[in-house]
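Okay, so here's just one chain, in structure tokens, the form predicted alone.
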Amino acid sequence: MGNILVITELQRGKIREASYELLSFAKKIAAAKGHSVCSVVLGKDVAAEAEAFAKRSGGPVYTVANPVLENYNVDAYCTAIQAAVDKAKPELILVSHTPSGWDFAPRIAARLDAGFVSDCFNIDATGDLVFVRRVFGGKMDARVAVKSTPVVATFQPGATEACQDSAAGSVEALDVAIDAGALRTKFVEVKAPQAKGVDLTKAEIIVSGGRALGGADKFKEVIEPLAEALGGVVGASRPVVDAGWLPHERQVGSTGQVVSPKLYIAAGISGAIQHVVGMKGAQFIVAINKDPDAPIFEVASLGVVGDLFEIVPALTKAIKAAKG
């Protein structure tokens, strides 16, 4: 029987929801393979959060408390995680695919000479463990099996539901020496983005477009009139922002805004997991895409297969007519 080690992350002193999602994946694997689940919580004052996590984990939760860990530092994190690995001796290490996660996870894998799989959104535990990740901009799913152990794997936040189990575990503090003077990097500050003209997180209706629009002018011609007719705001996928068609404040997804409007319309968006993470909390999702196999339809409340340049203007016209 092997161990699965969940590396939790704190944000503003609280364990991130993504860490509870990792716990869901860990328990799924443990149930299929007969493994045990353990976790580690890193930070300055982590006792309360570790207790909260233990109430859902059903297994040991290790803590590493040190003032140096109050803010993210890759050298300090790797030292603390190494101590938890030495204690748990896991066959599988789960990490959230967040900016800090994708920084330290490959370093831990290199330290352990372990297999490494990044950016997963699912796992098949029916036979040998198979990690599932999207490739080519979400157009295909790759199934990855790793022959060696241990394995370090990162999972997209939002890829599964957060664990809501009530299965009390235990908390054990690890005594880890971290020499602040020996760290090669240091924390400077957190810079929050300046508020601009639109806050997608507060919008009740969002009409988003993808790269299928073809250019910034098409957003003005097709997407903006529909958003205006509905009394909503315009959003976009990452390729649109990367192309410079819209500013970053309009981006919906794991590296943009996470939104939960009453209505979300996705026009010409394929549905890569990075985008879905940011909008799947919407109450009602309408997807418009000419590809019937586009992943966006998996989360859509209503899917329309067709040409957005025909459908969206027709929808805009119908809404204006209904409003008189």
Ligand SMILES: Cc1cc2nc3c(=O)[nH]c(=O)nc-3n(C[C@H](O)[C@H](O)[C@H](O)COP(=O)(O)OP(=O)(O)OC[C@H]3O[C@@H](n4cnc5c(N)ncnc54)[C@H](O)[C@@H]3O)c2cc1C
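Residue indices: 1-based, along the sequence shown. Keep in mind the model is a prediction, meaning the values are calculated, not measured. If you superpose the two forms and keep the largest set of C-alpha atoms that fall within 1.5 Å, you have the rigid core.
A second form of this protein, the form predicted in complex with the named molecule, is not displayed here; the remarks below concern that form.
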Exercise: Ser254 in contact with the named molecule in the predicted bound form, heavy atom 4.5 Å: yes
Close approach of Leu308 to the named molecule in the predicted bound form, 4.5 Å, heavy atom: yes
Interface membership of Phe187, the named molecule in the predicted bound form, 4.5 Å heavy atom rule: no
Contact with the named molecule in the predicted bound form for Lys290, defined as at least one heavy atom pair within 4.5 Å: yes or no? yes
The stretch from 264-272, 26-34, 54-62, 39-47 that lies within 4.5 Å of the named molecule in the predicted bound form, judged by heavy atoms, is 264-272
Scan Ala212, Val176, Leu129, Cys120 and let me know which has any heavy atom within 4.5 Å of the named molecule in the predicted bound form. Ala212
Superposing on the rigid core, do we see a C-alpha displacement of 2 Å or more at Pro106 between the shown form and the other one? no
